[in-house]
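To begin, one chain is listed below as structure tokens, in the form predicted on its own.
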Amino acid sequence: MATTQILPKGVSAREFVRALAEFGRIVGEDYVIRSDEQLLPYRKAMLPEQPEPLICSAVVIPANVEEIQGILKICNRHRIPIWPISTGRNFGYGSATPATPGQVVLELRRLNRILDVDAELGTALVEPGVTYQQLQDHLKERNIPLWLDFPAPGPLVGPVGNTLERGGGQTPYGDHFGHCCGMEVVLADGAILRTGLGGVENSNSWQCYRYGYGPYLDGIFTQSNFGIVTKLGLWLMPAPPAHRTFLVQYPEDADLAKAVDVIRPLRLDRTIGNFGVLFNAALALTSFVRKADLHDGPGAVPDARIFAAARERGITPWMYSFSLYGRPEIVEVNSRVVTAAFEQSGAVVIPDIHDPMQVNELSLETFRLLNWTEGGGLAWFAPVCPNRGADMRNQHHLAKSIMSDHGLDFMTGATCIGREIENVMPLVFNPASAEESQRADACMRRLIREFTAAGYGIYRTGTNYMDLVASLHGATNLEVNRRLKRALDPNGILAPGKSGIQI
């Protein structure tokens, strides 16, 4: 097999070969991946292509913390940059690809132990290779009445990786970072930090109390390159005695602001127990048709064709799927409250629908949107929106205008969290077309700049756009992150460029 010619920045071919041999002595030769054929899965980003592809030089797969510490010694000695991943299926944000070319991917899938589940307290302690499927199977096999909250690619990914990216789901535990407690972190020099109460010898409360004593550190290890998280505590949701899922349909495209202003008070007072999803007709249609079925010309599908195809399938311009949880009598009362509120605003309320992600079921339904066009290109645009109808309307008009200018179809699946909305919009394109890929890239960059200029920050982005997003969040923010990086990783070996953070 041919050997990849991509090298880490500043590392000679001879030195890199020596480092790979040293990795092999620690993890075993079978767990050092270096040929082009074997590396291909790690180089599929789904994102628009860049002039300098953000691909890895090799992959190393350790089995435990001790092997990670050994790898870090080698990386510090040879100045080899490494890009830690758990499952590497961060679809639409870069998958396993690093933020700068030539990094060695540190794949943590062999660290896949469920270390503890406390059924009484509703906690778990897991390693980064544990998937949601594995953890759910563990709970079901032991009849433990706890629910998990899944992100969109739930069966394929794990809670550690998703939580560290501050991803989310749709149940009342949908804020994944907000429901984690206690980390074990291997720092760049091999030192092991346990956050919260994990530093207390024989701690019996590590997964119960997140803050510990002194500064609260967990947040600096999310969306960052300050350490490698090797254990994470989770809070799991007690299975509710009853639940009920609704679909709310608004008949006009102009109803978006109205819908948001009805949802907000019901979320803030917790009448609606979960985030739910507010989505448009185009996103719903991706489950039924392809773009080519509706439009054979250039550019985005005209609104008239979107809405006509939607009407044929009982789909309205805006829909909101949400659930109620709790004791049966509470669910019954709240059902009447929410139904009245939405109907008074002119919506149609359909009770007792099935939405797997809201009721502890794994699903990949979200990724049906990849069937919209050829090739499976996907990049998520993820701005934050204040939970106000006027702001959501402004974001809708701005995004739709920009996407239309670049020939892309406007879709959104927004999670209405509380005071904020994560207004996540997929850019779906054919990466095999250089012209289409360039349009998607230009569209994403314009969206980021114009939304930020309008006062709307971005909460998460793909590896191609990390530097851009970081640059728009303030010089002081960049400098503080740089100071932390220099203190914790003076050789800059951990994921350089992650979230725009460099030495």
Ligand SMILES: Cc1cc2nc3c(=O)[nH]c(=O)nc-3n(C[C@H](O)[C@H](O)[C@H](O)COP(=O)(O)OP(=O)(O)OC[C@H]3O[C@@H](n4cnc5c(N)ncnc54)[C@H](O)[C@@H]3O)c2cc1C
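Numbers for residues come from their place in the sequence shown, where the first is 1. Predicted, not measured: the structure shown is a model, and the values here were computed from it.
The form predicted together with the ligand is left out here; the points below concern that form.
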Might Trp380 be said to contact the ligand in the model of the complex, defining contact as any heavy atom within 4.5 Å? yes
Would Gly168 count as touching the ligand in the model of the complex under a 4.5 Å heavy atom rule? yes
May I ask you to state whether Leu125 is within 4.5 Å of the ligand in the model of the complex, using heavy atom distances? no
If you check in the model of the complex, is Thr195 within 4.5 Å of the ligand, heavy atoms only? no
If you check Leu146, Ala309, Val301, Val157 against the ligand in the model of the complex, which one has a heavy atom within 4.5 Å? Val157
Give me the residue from Pro240, Pro84, Pro172, Gly212 that has a heavy atom within 4.5 Å of the ligand in the model of the complex. Pro84
Can you tell me which of 149-157, 268-276, 200-208, 115-123 lies within 4.5 Å of the ligand in the model of the complex, counting heavy atoms only? 149-157
Near the ligand in the model of the complex, with a heavy atom at 4.5 Å or closer, the residues from 438-475 are Tyr459, Arg460
